[in-house]
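Here's a solo chain for you in C-alpha cells, the form predicted on its own.
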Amino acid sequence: MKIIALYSIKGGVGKTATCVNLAYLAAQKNVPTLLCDLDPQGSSTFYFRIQPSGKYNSKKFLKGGKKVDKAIRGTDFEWLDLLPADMSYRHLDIMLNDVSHSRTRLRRLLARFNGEYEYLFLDCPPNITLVSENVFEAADAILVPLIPTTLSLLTYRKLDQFFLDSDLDRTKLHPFFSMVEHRKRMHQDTIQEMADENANLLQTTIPYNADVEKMGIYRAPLTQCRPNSNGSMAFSKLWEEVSTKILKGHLNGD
C-alpha cells in the first residue's frame, strides 16, 4: 500500500480538488483505493456526496480498529472508498497530544489497511500542526500544490526547511503548480525559478480552470463528469506522472 498525501501550508491552492481527482483516477485502474479526509471542513466528503455517521468523530478515529472500519463509506465509483471527516477533526491536534507515539499515531492507524487497499490518499488540513507531522511520517509521497507566486515559493521553502530541521525525509516532498495561467509572465517566471532550484518539482501543471471551480456544483470528480476538459486532462497527466515516476515498483508488499 502506498500513502499519498495532498498537503499545503496555505489553503485555497487546489489541494482537495487534486486529491479527489487523483483518487478517482487511481481507482479507475480497478485498484482498491481509499481517500481519507483529514480536513475538518470535509470538502472531499462533500464532493463525494457522503454524510459521515453521527456516531463517528475524531475520538473514534484516533482509537482506530473496527470503529474506523465501520465509518468507511463506498463512493458512487467502484474501487473507491472514503473515510469521511467532520468538524470534530478540528480537535485532532489537541487529542494527539494526549496519546502515546503522538507523531506516528496516524501511520500506526493506517497500517491496518495494508493489503486491503493499494492506494491511500490523505486530504490534509492546511498549516503545520501535529496532524501535519503525523502525515509527514505516514506518507510515502507528499504532493504539495503551489500557486505560481512569490509567496507560494516562500511558504514551500519554509516547509522544506521544516523537514530539514526536523530530520524528516525531504525526498517525500513533490511540489507542483496549480491554478496556473501560462499567459502571465509572473507565472512563467515563478515556475522556472522553482524548476531551477527543486529537482522534485513535478512537470505537470494544473491550469486555472472554471470547471475545476465548479466541482462544488458537480459534486463529483472533474475527471468523471467533464473528462475532456483541460482541467481533467491535466489531472490525468499529473496522476500518470505520479504513478509512473514516484510510485512505480513500490506497491506490492509496501
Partner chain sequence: MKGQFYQIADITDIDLLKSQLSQYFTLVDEIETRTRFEVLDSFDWRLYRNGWELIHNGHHWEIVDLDTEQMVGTIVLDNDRKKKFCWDFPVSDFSALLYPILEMRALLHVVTIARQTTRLNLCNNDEKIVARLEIESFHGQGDESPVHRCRPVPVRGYQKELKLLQASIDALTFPLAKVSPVFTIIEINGVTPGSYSSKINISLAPALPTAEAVRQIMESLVEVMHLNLPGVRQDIDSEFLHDFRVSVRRSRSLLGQLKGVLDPETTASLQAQLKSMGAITGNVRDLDVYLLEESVYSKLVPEELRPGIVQLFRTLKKKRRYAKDRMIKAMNGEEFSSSMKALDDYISSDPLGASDTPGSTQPIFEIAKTVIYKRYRRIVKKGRKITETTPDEKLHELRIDCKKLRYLLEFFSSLFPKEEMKKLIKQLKQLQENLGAFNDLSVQQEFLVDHLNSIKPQTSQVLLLSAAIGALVARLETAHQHVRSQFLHVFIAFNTPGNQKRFKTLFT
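From a predicted model like this one, the values you see are computed outputs, not experimental measurements. Numbering follows the first chain given and starts at 1.
The same protein also has a form predicted together with its partner chain, omitted here; what follows describes it.
Out of the listed residues 63, 185, 49, 29, 49 is the one that sits within 4.5 Å of its partner chain in the model of the complex by at least one heavy atom. Checking 141, 128, 168, 72 against its partner chain in the model of the complex, a heavy atom within 4.5 Å turns up for just one residue: 72.
No residue in the set 133, 160 and 163 has a non-hydrogen atom no more than 4.5 Å from its partner chain in the model of the complex.
Checking 223-231, 50-58, 36-44, 196-204 against its partner chain in the model of the complex, the stretch whose residues place heavy atoms within 4.5 Å of it is 50-58. A residue is said to contact a partner when one of its heavy atoms sits within 4.5 Å of a partner heavy atom; residue 117 meets this definition for its partner chain in the model of the complex. Put simply, residue 76 is close to its partner chain in the model of the complex: some heavy atom of it is within 4.5 Å.
Taking its partner chain as it sits in the model of the complex, the stretch 1-26 never comes within 4.5 angstroms of it through any non-hydrogen atom.
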